[in-house]
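A lone chain, given as structure tokens: the form predicted on its own.
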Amino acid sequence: MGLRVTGRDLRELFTDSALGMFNLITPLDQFKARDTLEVLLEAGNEEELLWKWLRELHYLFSTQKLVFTEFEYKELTGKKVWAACSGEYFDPKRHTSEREVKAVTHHGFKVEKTGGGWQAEIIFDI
């Protein structure tokens, strides 16, 4: 399953990509920003950084069942993201599951600067 995400800047691109991924897993309107966890990652360029970002958030969901809905960026450049990610633990008694996202793939993954900002194409293994 794929997403094409656009953003006026990297913050919007990273936020909307993460929200898109989580919304594939579960409807986000069921969640509140109750718990916060910091994420710090570095990479060689924007494309690698976005891929690592989504993989880390997916890992936190897979291992801890955290669904993030809000992101406060302390630093975001083309090579580093440092963010406070807020969300809630997935509880099958209160939340519904849409589908299982198994992985963020490299296949077809692309990030590019456009005239209006940024665009990403992301493929998820479901």
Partner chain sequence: MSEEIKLRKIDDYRWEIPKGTFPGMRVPGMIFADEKLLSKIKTDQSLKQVANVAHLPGIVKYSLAMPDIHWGYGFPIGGVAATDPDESGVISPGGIGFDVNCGIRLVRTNLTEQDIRPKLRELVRQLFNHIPCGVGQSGAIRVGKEDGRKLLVQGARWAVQHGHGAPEDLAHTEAGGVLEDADPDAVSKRAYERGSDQLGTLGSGNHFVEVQAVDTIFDEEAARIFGLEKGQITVMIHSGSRGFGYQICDDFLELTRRALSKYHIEVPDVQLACAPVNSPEGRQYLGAMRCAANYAWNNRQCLMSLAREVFEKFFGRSWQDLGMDLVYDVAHNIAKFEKYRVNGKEKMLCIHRKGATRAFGPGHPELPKDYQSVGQPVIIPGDMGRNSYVLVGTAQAAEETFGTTCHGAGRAMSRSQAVREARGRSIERELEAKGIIAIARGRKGLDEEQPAAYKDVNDVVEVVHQAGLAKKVVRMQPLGVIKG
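Positions refer to the first chain, counted from 1. Just so we're clear, the structure is a prediction, and the values are computed from it rather than from any experiment.
We do not show the form predicted together with its partner chain, though everything after this point is about it.
Want to guess which of 81 to 89, 68 to 76, 32 to 40, 47 to 55 is within 4.5 Å of its partner chain in the predicted bound form, heavy atoms only?
Comparing against its partner chain in the predicted bound form, the contact stretch is 47 to 55.
Even though its partner chain is not shown here, does residue 18 get within 4.5 Å of it in the predicted bound form, heavy atoms only?
Looking in the predicted bound form, residue contacts with its partner chain do not include residue 18, since no heavy atom lies within 4.5 Å.
Looking in the predicted bound form, any heavy atom of residue 110 within 4.5 Å of its partner chain?
No, no contact at 4.5 Å.
Looking at the partner-bound form in the predicted bound form, is residue 125 within 4.5 Å of its partner chain by any heavy atom?
Contact check for residue 125: yes, within 4.5 Å of its partner chain in the predicted bound form.
Does its partner chain get within 4.5 angstroms of any non-hydrogen atom of residue 10 in the predicted bound form?
Contact with its partner chain, no.
Taking its partner chain in the predicted bound form, which residues along 17 to 46 bring a heavy atom to within 4.5 Å of it?
Contacts from 17 to 46: 25, 27.
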